[in-house]
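Coming up is one lone chain in structure tokens, specifically the form predicted on its own.
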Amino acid sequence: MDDIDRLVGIITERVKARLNGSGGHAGNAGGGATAAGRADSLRVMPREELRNTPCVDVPHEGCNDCGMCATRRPESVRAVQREGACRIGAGVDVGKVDLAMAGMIDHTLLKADATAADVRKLCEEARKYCFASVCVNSTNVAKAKAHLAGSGVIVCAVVGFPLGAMTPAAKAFEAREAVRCGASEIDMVINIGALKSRDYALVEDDIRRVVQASRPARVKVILETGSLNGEEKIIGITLSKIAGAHYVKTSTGFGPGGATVEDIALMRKLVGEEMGVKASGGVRTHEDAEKMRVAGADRIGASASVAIVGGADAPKQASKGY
């Protein structure tokens, strides 16, 4: 213990000497720094001055390779988060990409004619912008998993999509197969007809079987809120919670209507902090997504994800669905 105390004392004295410029290798090398010069070098720039100071690495197409800021190297941010960091420091106004919003987004491609090239592009965008997941049909799970290896972005698969009119056994099988192929989350469509018929036992069993078949993957229950009245929404949310689901979700993006602030607020009120809430269907701008977040959503499903986070290569028009 005496040796440790002595070592700490030596290090402390050397640090003090360097800070005071009175000794050590960093002392007055190169002609000696004045106290005023040292003070100037340690001066904290006012916000406006910092904002107007050009980046030392002039922004260009290759900026993603410099590793100097969170916006230019989102993959590095993800890697640090995977190692346990819960907060990342960055300079003022480092870029336009909203990383906090990106971390809420399930980047979605659910078109029936989606090609292997489309899936690859989806995954490349998810890597670039650090989206929470890519959401794909179960046939594309393995491809997406391979493309995203090492990125920290997970794969979400839809089950019973988009109608929800399959048997519980069929949905459970599809969910189990999707997880086997690499899905970490499952978005299942509720049995809308059973809910409207007040066959609540079937609705609950349908959800519970998928939850059990999906373990350890998390399950989101798509209510297709545009097809439900107020009472049916409340019952559907409640049954999802009773059946052990992890999230409730508004819409498929293929049915009537989409996510609304009112529905998100209702979901959050009923599930409390015990479950997640996902807004999907018609969320195409950053403003749309922010309204959903404020209302209580902690996950956003969108195909216009790049536009939402302000990416420079955002398409001019959002694709249909989600």
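Everything quoted here is computed from the prediction, not taken from an experiment. All residue numbers refer to positions in the sequence shown, first residue = 1.
The form predicted together with another copy of the chain exists for this protein as well; it is not shown, and the discussion that follows is about that form.
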*May I ask you to state whether Ser214 is within 4.5 Å of another copy of the chain in the predicted complex, using heavy atom distances?*
no
*Examine Tyr247 and determine whether its closest non-hydrogen atom to another copy of the chain in the predicted complex is within 4.5 angstroms.*
no
*Does another copy of the chain get within 4.5 angstroms of any non-hydrogen atom of Glu174 in the predicted complex?*
yes
*Can Ser133 be called a contact residue for another copy of the chain in the predicted complex at 4.5 Å between heavy atoms?*
no
_Please determine whether each residue of Thr115, Asn137 and Thr167 possesses a non-hydrogen atom within 4.5 angstroms of another copy of the chain in the predicted complex._
yes
*Any idea which of 234 to 242, 121 to 129, 159 to 167, 145 to 153 reaches within 4.5 Å of another copy of the chain in the predicted complex, heavy atoms considered?*
159 to 167
